[in-house]
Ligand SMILES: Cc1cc2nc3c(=O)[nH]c(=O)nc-3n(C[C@H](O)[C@H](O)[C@H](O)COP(=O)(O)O)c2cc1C
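Shown next as structure tokens: one chain only, the form predicted alone.
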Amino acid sequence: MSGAEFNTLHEMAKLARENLSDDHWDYLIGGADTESSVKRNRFGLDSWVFRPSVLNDVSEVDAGTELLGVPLRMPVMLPPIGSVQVFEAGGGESVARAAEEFGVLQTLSSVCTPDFEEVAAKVPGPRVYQLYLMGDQGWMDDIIRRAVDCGYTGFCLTVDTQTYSRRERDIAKGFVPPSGSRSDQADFSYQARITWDTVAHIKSEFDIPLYIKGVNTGDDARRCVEAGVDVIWVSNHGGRQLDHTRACIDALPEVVSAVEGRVPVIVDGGFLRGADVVKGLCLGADLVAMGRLEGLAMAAGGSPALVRALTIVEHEIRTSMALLGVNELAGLRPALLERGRPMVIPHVLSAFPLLEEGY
């Protein structure tokens, strides 16, 4: 499968469902408890509507950007997915190859396979490593040193996983992901001990950009900047951790205001289409991370399908920009958005309405 056979993203979502078992499908699309946070992410995105500007020259539209000196073909990040290998056997290595081929940045999860050193050896290049703490400070320091030594250009701490949430789709079936995490058994004691002292230690000991993933408020964003954090990542873990959170796109303006342009801001949470990405950029994000789309594409056809998904998203971004009257990313601004009433019932895959019509 080359990926070229996909003309739309909804075709990938449809094939992903056909390819995955019920357990792995629920792991991909599910959330915590009532799954309200999952739905709010989509509701929030659909609640922002465009206010286009006309009579602007958009004969050439440039969606290229960079992050901390790394050139990127478009402002999209491939975020960490634990157990991504259940969607396609190559796991994190397949994602790395897609990111390298297309020209975006990958964040590799510490709970996927192959491990971070094997991926770096097989697919060299700029990449961020995301770590869940499963040991003490000495254990963490050793992992960070090894990540630096094998070429990772960023280190990410996920800070919204102090404990493992109750994901009732998994609990009801007794499904345990390959990482072994489940709400009644996972040992997240080291994750629960992450504090601002952890951030200070990493910044004092290691010369590698630090990403903090899981920020939701301006106060925490401001404190991150003061602590020397290099990249702030607005996230609610795709609705898979704390239930009943704000949509990430609704938390984004508060974080951007607090950061005041001092460091880059990434946002994730329900972003599945190019228009979604453009909304995040209008509200001040530097990059948008698209986790569930990554998982859907991987399940539909591995690395080639993921490259094709990114190509479609790029086309959607450029189309949205042109129709908004903007020819470069710097022109995307809050004035191009306003609040509006959503026209669809929020659902994890409501960005793909043709699925319900059987296409």
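Predicted model, so just to flag it, every value in this text is computed and none were measured. The first residue of the shown sequence is 1; numbering continues from there.
What comes next is about the form predicted in complex with the named molecule, which is not displayed.
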query	finding
is_contact(Lys279, the named molecule) in the model of the complex, heavy atom dist at most 4.5 Å	no
Proximity of Arg127 to the named molecule in the model of the complex, heavy atoms at 4.5 Å	no
Contact of Gly154 with the named molecule in the model of the complex (heavy atom, 4.5 Å)	no
Non-hydrogen atom contact Asp268 with the named molecule in the model of the complex at 4.5 angstroms	yes
The unique member of Gly284, Pro209, Pro114, Gly82 whose heavy atoms fall within 4.5 Å of the named molecule in the model of the complex	Gly82
Residue (of Ala32, Leu28, Leu310, Leu324) lying close to the named molecule in the model of the complex, criterion heavy atoms within 4.5 Å	Leu28
Stretch in contact, per heavy atom within 4.5 angstroms of the named molecule in the model of the complex, of 251-259, 82-90, 192-200, 137-145	82-90
Heavy atom within 4.5 Å of the named molecule in the model of the complex - qualifying residues of 199-237	Lys213, Ser235, His237
